[in-house]
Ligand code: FRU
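Given next, in C-alpha cells, is a single chain: the form predicted alone.
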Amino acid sequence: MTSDILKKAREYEERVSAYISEKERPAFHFSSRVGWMNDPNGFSYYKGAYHLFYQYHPYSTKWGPMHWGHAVSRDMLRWEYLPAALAPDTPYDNAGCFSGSALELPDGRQLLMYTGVQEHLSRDGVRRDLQTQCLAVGDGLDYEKWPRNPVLPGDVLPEGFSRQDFRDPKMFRRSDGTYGCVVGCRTEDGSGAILLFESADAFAWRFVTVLDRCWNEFGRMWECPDFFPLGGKQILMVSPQDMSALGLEFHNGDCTMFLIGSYDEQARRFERENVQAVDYGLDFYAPQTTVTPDGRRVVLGWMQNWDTCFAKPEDKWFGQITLPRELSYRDGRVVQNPVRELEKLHGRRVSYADIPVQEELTLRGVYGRTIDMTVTVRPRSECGYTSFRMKVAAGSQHYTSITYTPLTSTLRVSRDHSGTNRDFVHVRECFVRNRGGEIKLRVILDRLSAEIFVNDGEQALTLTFSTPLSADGISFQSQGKTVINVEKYDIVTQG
C-alpha cells in the first residue's frame, strides 16, 4: 500500500517536473527529476533495464528529509523517470530513507535495502538520531516495506560501534546463492570501519566481521561502501569524510577511494594492499557499482561534493550523476573509462592529426558543450615543452582549463573563470604517469560538467560548472612546441 507521504511526493514531482525544459538539463547525464539529489542508490539491472535510485528531497533544492527517487534506462545514458520509490513514512525511518542498494531475488522480486533514520531524544534531552538497516520489496515500480524492519538494528553491532553512524548497506549475491552486505559505521576511536553481514535469504542477517577500518588514517567516517572482485583483486570502495590532504592523491574534505587487496572467502578476511583515489577532480562522491548482463563492472557517482553544493534560488532541480564508467584492473591500478554505450550516441566526427601547437590555437569544427573528444599531446622537439593547456566551455569571459606540466607530471583542472561567483575550491591537481611528455586526454562535456579520463582511464577528474551555454569554444596552447591529434564527436541523444 502506498502511504499518503509517498503519494504526496509522487504527485508533487509529477506536477513540478512538467515545467522543467529538457534544455535546462544535462543532455546525457542523469539529473534529479525535481528538487535535491545526492547519492546514487540501488544501481542495478532488473527485468531488462538498469534501475537507478537516488537520495532525494523533491520539495526544495536543498538537502531535506530523504526519499528515494527512481529512474530506468536501457543504456545507462538516457533515463526515464519513474515515481519516487520510498518516503520517510514509518516510525523507524521518520527522519529519512537514506542510502542503500538493490538486487533481484530468486522469485523475481526486487529487494531494496536502505538506512532508516529515526528521530531519537536521549535521556539528557539531546537529539541523537538512530540509524538502522531496512528492507523494501517490489516489482520495479512499487515497493512495500518489510513488516519486520529494521532487519539490522543497532543491537547487532560490536561493542563500541556507533548506532548514530551506521549506514549505507550495499548487498551482493555470492556464487553459492547466499548474500553478503557491507555497511559503514563509526568506531570507538571516532573513525570509520566497514562491517560485513551475511544472510541465507537476504532477509535474516547476521554480523560476520570488520572487513577494514580507518584508524583515523584516511579521513573519519567511511560512507557508501561497495565490495567486489576485479581483475583478480578484491576492491573495497569507500567514501571517507573529513579527509586531510595526502599529497596529490587525496584532497581535503570528502573523498572517495579504492582499497585494493585480496579476500579469503572462507575466512571472510580482506587484506588491504594498496589505496587509490577513485576520482581526482572537484565533484565526485558516494559512488556505487553494478554488473551488466555481459559481465562488466560499472560505477557511477554523485557529481557534486558537500562543500560546493549551492543551487541558485530559481533552480527547480539540483544534482547530477556522473557517466557510468567501466572498471578494469591494469598495472596495479583500477582503471575507469566511459561505458561503451556512449559510442552509440556519437554524431558528427571531426579529426586532426599532427597539428603543431605553440601560440593559442583553435581548430575548425572543434567546439561544443555536448561532446566526446580525445586529444593526444606529444613534444615536437628534443627540448620538450614546459606546459600544455586546453580551454573548454570558452567564451569572451569564461573558460575551464586543463593544464599538463610534464616536468612535474601533474595535471591541473581549474574552473576559476567558469562563471562561478562562490569562494570555494576551483582547482585540483593530480600526478599522472610520465610517458616522455606524451599524454592522452579524453574530455567529455555535457552542458554543465566535464569528465576527463587520462591515459586510457588511469585517472579520472570530474567537475561541474555553471558557464553560459553560449561559451562553447575550445582552444589549445603550449609553452614550448607540441604536436596534437584531436578526435571529436558531437553527442546526439535523440533518435
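Each residue number is its position in the shown sequence, starting from 1. Quick caveat: nothing in here was measured; it's all calculated off a predicted structure.
The form predicted together with the named molecule exists for this protein as well; it is not shown, and the discussion that follows is about that form.
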task = Name the stretch: of 401 to 409, 279 to 287, 321 to 329, 292 to 300, exactly one has residues whose heavy atoms fall within 4.5 Å of the named molecule in the predicted bound form.
result = 279 to 287
The named molecule in the predicted bound form: contacted by all of 39, 66 and 98, heavy atom 4.5 Å = yes
task = Decide whether residue 306 counts as a contact residue for the named molecule in the predicted bound form under a heavy atom distance cut-off of 4.5 Å.
result = yes
query = Is there a heavy atom of residue 168 no more than 4.5 Å from a heavy atom of the named molecule in the predicted bound form?
reply = yes
key: the named molecule contact at residue 223 in the predicted bound form, heavy atom, 4.5 Å   = yes
message = I'd like to check something about residue 55: if you look in the predicted bound form, is any of its heavy atoms closer than or equal to 4.5 Å to a heavy atom of the named molecule?
response = yes
